[in-house]
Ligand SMILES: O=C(O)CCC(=O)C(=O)O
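Single chain ahead, written as structure tokens, the form predicted on its own.
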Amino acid sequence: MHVTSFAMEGFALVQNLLPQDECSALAARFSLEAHGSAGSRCLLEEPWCREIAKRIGNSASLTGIIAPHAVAVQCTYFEKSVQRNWIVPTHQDLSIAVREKIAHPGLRGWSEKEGELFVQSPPEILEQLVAVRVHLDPCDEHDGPVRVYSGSHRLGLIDPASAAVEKHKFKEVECVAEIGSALVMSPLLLHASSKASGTSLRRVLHFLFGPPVLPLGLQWRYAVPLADGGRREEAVPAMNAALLP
């Protein structure tokens, strides 16, 4: 079911991917004082995060979506609330974190964020990437949930200036979620979000999985293999609380 939804619509909503008590423990231990005003992109440096990435990548719920040979290449923490609030216009996620800058005419969109180097991914890699947004809190229509445009990933790479027009060709879906559930999506899927209007927090761990080898001489900034995991049950077993940050 999830495989079909992901292939046809570019996304799938997966219930109970992580145990709710583990998500609550993670949310309670995060400190934005240490991770910036709205989150952090550098979490795969942490052993606890690499372990969770392996478990998610080997979840039975994502079999057929995340390839067995894939690697975890990024984990970003986001926290949205009425105090830390923002609007995200309709877009595709095109940048990836790499180890060093490569001089090649096919590479563009270089930038640096939190001391890490990003570049617009080659199209053939974008088609293989899978994002998994795990909700550490319940997220309803008042919490600025992600809105996706079902099937828009089939457009491939589009001009960012065209996104606001192209989205109207597709059904808009507001991705509300329970704690521990995940929005699994292609980075090529057009998506957006509004400001939060409620009083709760929307805290998310955004994992990105991709192929182990990049073209054009690029190398991943992080590349956490999943092969030592083995497929899990539908809910990924909870991590020992002592390993949490």
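Please read these numbers as outputs of a predicted model, since none were measured by experiment. All residue numbers refer to positions in the sequence shown, first residue = 1.
This protein has a second form, the form predicted together with the ligand, left out of what is shown; the following refers to that one.
Q: Can you pick the one in A164, L117, V88, I102 that has a heavy atom within 4.5 Å of the ligand in the predicted complex?
A: If I apply the 4.5 Å criterion carefully, the residue I get is V88.
Q: Of the residues L155, V130, V71, V146, which one places a heavy atom within 4.5 Å of the ligand in the predicted complex?
A: Checking each option against the ligand in the predicted complex, the one that comes within 4.5 Å is V146.
Q: Given the stretches 59 to 67, 43 to 51, 173 to 181, 201 to 209, which is the single one in contact with the ligand in the predicted complex, using a heavy atom cutoff of 4.5 Å?
A: Every other range fails; the passing one is 201 to 209.
Q: Mark D93 yes when one of its heavy atoms lies within 4.5 Å of a heavy atom of the ligand in the predicted complex, and no otherwise.
A: Residue-level check for D93: yes, a contact with the ligand.
Q: Pick out the residues of 61 to 78 whose heavy atoms come within 4.5 Å of the ligand in the predicted complex.
A: Heavy-atom contacts within 4.5 Å come from F78 alone.
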